[in-house]
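Just one chain is shown here, as structure tokens, and it is the form predicted alone.
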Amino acid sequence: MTDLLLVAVVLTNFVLLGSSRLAACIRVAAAQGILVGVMPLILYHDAVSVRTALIAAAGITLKGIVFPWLFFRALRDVDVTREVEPFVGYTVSILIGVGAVAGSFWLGSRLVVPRPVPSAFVIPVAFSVIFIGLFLIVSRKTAISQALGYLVMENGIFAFGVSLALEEPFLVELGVLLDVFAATFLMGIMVFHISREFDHIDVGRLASLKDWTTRRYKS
């Protein structure tokens, strides 16, 4: 079950890298959030406690329901359906994703962990999710795609945390979840206002605004 769960998480990463439909990406990110949310229950199935169940319930609710709802609301407000001409093409993105997964397994094999982990693959998969989330942030043009990349990166951080630091105080995990909730909510508001003011959410066009401001200042 653990290995199947981790394989499913990796597959969601490649779907996110290869899809241009924003609605489909949000659904895939929601599915990844649910998979990562149930990870504490799968990894520690032989010793599930109330605290573990609460962490899993919080992760599933926020990552699989609340965040996708906010993204769909922002998507409806900005009236855009797909990513147009990202900085890095989809084929190249998938190849970079394969390299990120391979590098994550290499890094995970050399990482010395303070305590035994339930699966040898959980740390490399967590690293790959973090790296691919960072790549989505820097390689996509629309603010929604970049916010999705941030959410994917946090999924990797959450997976890494529950695999190693489940004995930490519950407020630590709860604080991370609330921080991500606030950041995602604010990102949705920013996307809405950017679209309303500039009629698009292509962050690459901000360079044109900078050039226009520079020419006006010199004149």
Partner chain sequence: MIRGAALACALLFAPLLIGTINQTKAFFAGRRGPPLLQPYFDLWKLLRKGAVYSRTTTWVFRAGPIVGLAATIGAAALVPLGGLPAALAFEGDLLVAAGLLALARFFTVIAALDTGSAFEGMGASREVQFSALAEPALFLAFAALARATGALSLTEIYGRISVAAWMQSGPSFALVAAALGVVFLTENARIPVDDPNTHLELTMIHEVMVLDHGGPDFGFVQYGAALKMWVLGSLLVGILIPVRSGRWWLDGAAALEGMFWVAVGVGIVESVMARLRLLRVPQMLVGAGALCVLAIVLGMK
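Numbering follows the first chain given and starts at 1. What you are looking at is a predicted structure, and each value in this text was computed from that prediction instead of being measured.
Absent from the display: the form predicted together with the partner chain. The rest refers to it.
- Here the chain stands by itself, but in the predicted bound form one stretch of 129-137, 90-98, 145-153, 69-77, 90-98, has heavy atoms within 4.5 Å of the partner chain.
- Of the heavy atoms in residue 10, some are within 4.5 Å of the partner chain in the predicted bound form.
- Residues are counted as partner-facing when one of their heavy atoms sits within 4.5 Å of the partner chain in the predicted bound form; in 1-32 these are 3, 4, 7, 10, 11, 14, 18, 20, in sequence order.
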